[in-house]
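The chain below stands alone, shown as structure tokens; this is the form predicted on its own.
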């Protein structure tokens, strides 16, 4: 279920991950590390400037059934990937 940009903007993440300046696979690894620490239902948001991460992270968490992708917001060359731990 992808939320709108407005719906995502009001979510307070339980875990905020800074992936600025990182590239794959490190962007994925830090997202997975944060999800490992998160409790079910908590929201992890990764901020990244690596556009490929907007594909690899959602694909990996869906394939491994560890998080729901709430949505992705893009602004000024940065992306926020919203993940809800299952």
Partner chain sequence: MFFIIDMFILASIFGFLYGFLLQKADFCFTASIRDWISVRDSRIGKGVLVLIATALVGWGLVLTLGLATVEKLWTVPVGFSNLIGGVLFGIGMTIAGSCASGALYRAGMGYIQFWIVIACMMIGNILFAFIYNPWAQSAIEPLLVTDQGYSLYQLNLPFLLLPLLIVGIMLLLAVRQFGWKGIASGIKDSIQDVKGNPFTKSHWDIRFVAVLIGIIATVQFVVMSSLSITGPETRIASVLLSFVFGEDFILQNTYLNGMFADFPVIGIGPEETLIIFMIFGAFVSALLSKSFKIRKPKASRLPYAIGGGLLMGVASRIAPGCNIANIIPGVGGMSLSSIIVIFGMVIGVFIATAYIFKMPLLLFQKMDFDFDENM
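Fair warning: this is a prediction, and the values are worked out from it, not measured in the lab. Positions refer to the first chain, counted from 1.
One more form of this protein exists, namely the form predicted in complex with its partner chain; it is left out here, but the text below deals with it.
A.B. asks: Report yes if all three of 26, 29 and 78 come within 4.5 Å of its partner chain in the predicted complex by some heavy atom, otherwise no.
C.D. replies: Yes, the whole candidate spot contacts its partner chain.
A.B. asks: Answer yes if any heavy atom of residue 64 is within 4.5 Å of a heavy atom of its partner chain in the predicted complex; otherwise answer no.
C.D. replies: So residue 64 counts as contacting its partner chain.
A.B. asks: Residue-level question: is residue 49 within 4.5 Å of its partner chain in the predicted complex, judged on heavy atoms?
C.D. replies: Looking in the predicted complex, residue contacts with its partner chain include residue 49, since a heavy atom lies within 4.5 Å.
A.B. asks: Look up in the predicted complex whether residue 43 has a non-hydrogen atom within 4.5 angstroms of its partner chain, and give yes or no.
C.D. replies: Although its partner chain is absent here, residue 43 would stay clear of it in the predicted complex, with no heavy atoms inside 4.5 Å.
A.B. asks: For residue 16, is any heavy atom within 4.5 Å of its partner chain in the predicted complex, or not?
C.D. replies: Output for residue 16 is no: heavy atoms all beyond 4.5 Å of its partner chain.
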